[in-house]
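Just one chain is shown here, as structure tokens, and it is the form predicted on its own.
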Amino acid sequence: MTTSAEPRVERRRSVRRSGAAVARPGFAWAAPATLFFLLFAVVPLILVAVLSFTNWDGLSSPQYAGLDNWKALIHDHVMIQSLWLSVLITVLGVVVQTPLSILLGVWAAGKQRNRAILSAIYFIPLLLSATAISILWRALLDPNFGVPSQAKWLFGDGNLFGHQTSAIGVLVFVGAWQYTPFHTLIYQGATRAIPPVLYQAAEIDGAGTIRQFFSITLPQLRTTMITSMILMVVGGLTTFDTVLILTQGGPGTDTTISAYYMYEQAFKSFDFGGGSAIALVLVIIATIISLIVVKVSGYDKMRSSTEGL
């Protein structure tokens, strides 16, 4: 005699079998991306970690050096200064780019006249390489032939690259000029995903544009904001080509950030062991800061901002 519970049990088994059948191809689809990540991220990182415990000039065979490279970093005042400069430039980049990106992204998501044309023009820096942009601004800000030489009432002696404060300001400005369009694009897409019904309800309640921005738009962009900030942190800590072309770490070592110092150690001093140690420190710091941002913001516990709508 067949009970009523047996069909239900059979249906559950069939669901489990179908779910397993769907899950197995999923691993196959993820295999290429996983293999790519292992080959070009995990394996190089392991090799860098191994090299950080060796002495290697890039030509002869690496020689095991124990903790010598790490001890040298602890007592290297240029390394300590470079870490501080890296964090400073990264924080300034986040502070400058975040509000600009949000405002421009919200504006670009609207229906203003000529919005699409203006947005396309604004996104042009995003299509250029960091090297080309750095060369462009290096020429424009040249103290002898550039804009500062013709506007000394604004730039003083015109040598923006000759003082630490102004040189850092140039690096932050050029970075914002290039990468703010990228983050603007992220915020534009996130703003368009906000349900219009929220704004319609706010209008019925008498909320104006500014009130809607702070009460609806910003809270709905919270998860996007955290993602954008993490990208800024990682990008800021790994900035290299901009410093190489604009300041070469100068004046002196006043703009020698960790990524540039790693280049000097490895490719100028041929100390690839020390350079690998610096690279590993950068990876650790970027990971720690990203985890702190995620933890403090509660990003790991967030649910969908449109849940229940």
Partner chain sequence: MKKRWLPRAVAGSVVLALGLTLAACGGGSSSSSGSGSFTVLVYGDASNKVEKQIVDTFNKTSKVKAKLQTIPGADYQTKLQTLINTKQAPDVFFNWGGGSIAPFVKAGLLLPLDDMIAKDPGLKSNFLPSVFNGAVVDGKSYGIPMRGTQPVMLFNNKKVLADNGLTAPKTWDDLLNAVKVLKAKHVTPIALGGGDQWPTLMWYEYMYDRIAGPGLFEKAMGGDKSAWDSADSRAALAKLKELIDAGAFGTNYDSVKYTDGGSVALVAQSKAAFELMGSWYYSQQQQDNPDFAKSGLGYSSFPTVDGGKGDPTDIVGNTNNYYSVLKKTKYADAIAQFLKLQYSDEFVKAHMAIGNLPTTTSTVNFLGTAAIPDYAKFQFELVKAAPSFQLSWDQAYPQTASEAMHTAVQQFFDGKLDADGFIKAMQALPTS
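Numbering follows the first chain given and starts at 1. Here the rigid core means the biggest group of C-alpha atoms that line up within 1.5 Å when the two forms are laid on top of each other. Source: prediction; values computed, not measured.
Quick note: we don't show the form predicted together with its partner chain, though the next part is all about it.
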Open item on the list: Looking at 283, 50, 65, 245 here, can you tell me which has any non-hydrogen atom within 4.5 angstroms of its partner chain in the predicted bound form?
Closed with: 245
- [ ] Could you work out which of 212, 98, 159, 220 is the residue within 4.5 angstroms of its partner chain in the predicted bound form, going by heavy atoms?
- [x] 159
Open item on the list: Looking at 66 to 74, 256 to 264, 274 to 282, 41 to 49, which stretch has residues with any non-hydrogen atom within 4.5 Å of its partner chain in the predicted bound form?
Closed with: 256 to 264
Open item on the list: Residues 58, 145 and 252 are flagged as a possible site; in the predicted bound form, is every one of them within 4.5 Å of its partner chain by some non-hydrogen atom?
Closed with: yes
Task: residue 34, heavy atom within 4.5 angstroms of its partner chain in the predicted bound form - done: no
Open item on the list: Residue-level contact is defined here as any heavy atom of the residue lying within 4.5 Å of its partner chain in the predicted bound form; does residue 240 satisfy this criterion?
Closed with: no
TODO: Mark residue 115 yes when one of its heavy atoms lies within 4.5 Å of a heavy atom of its partner chain in the predicted bound form, and no otherwise.
DONE: no
TODO: Report yes if any heavy atom of residue 138 sits within 4.5 Å of a heavy atom of its partner chain in the predicted bound form; otherwise report no.
DONE: yes
TODO: Could you list which residues of 264 to 281 come within 4.5 Å of its partner chain in the predicted bound form, counting heavy atoms only?
DONE: 264, 267, 268, 269, 270
Task: Rigid core superposition, residue 241 Cα moves 2 angstroms or more between this form and the one not shown - done: no
TODO: Please say whether, between this form and the one not shown, the C-alpha of residue 253 moves by 2 Å or more once the core is aligned.
DONE: no
Open item on the list: Taking 2 Å as the cut-off, check whether the CA of residue 263 shifts that much or more between this form and the one not shown after a rigid core fit.
Closed with: no
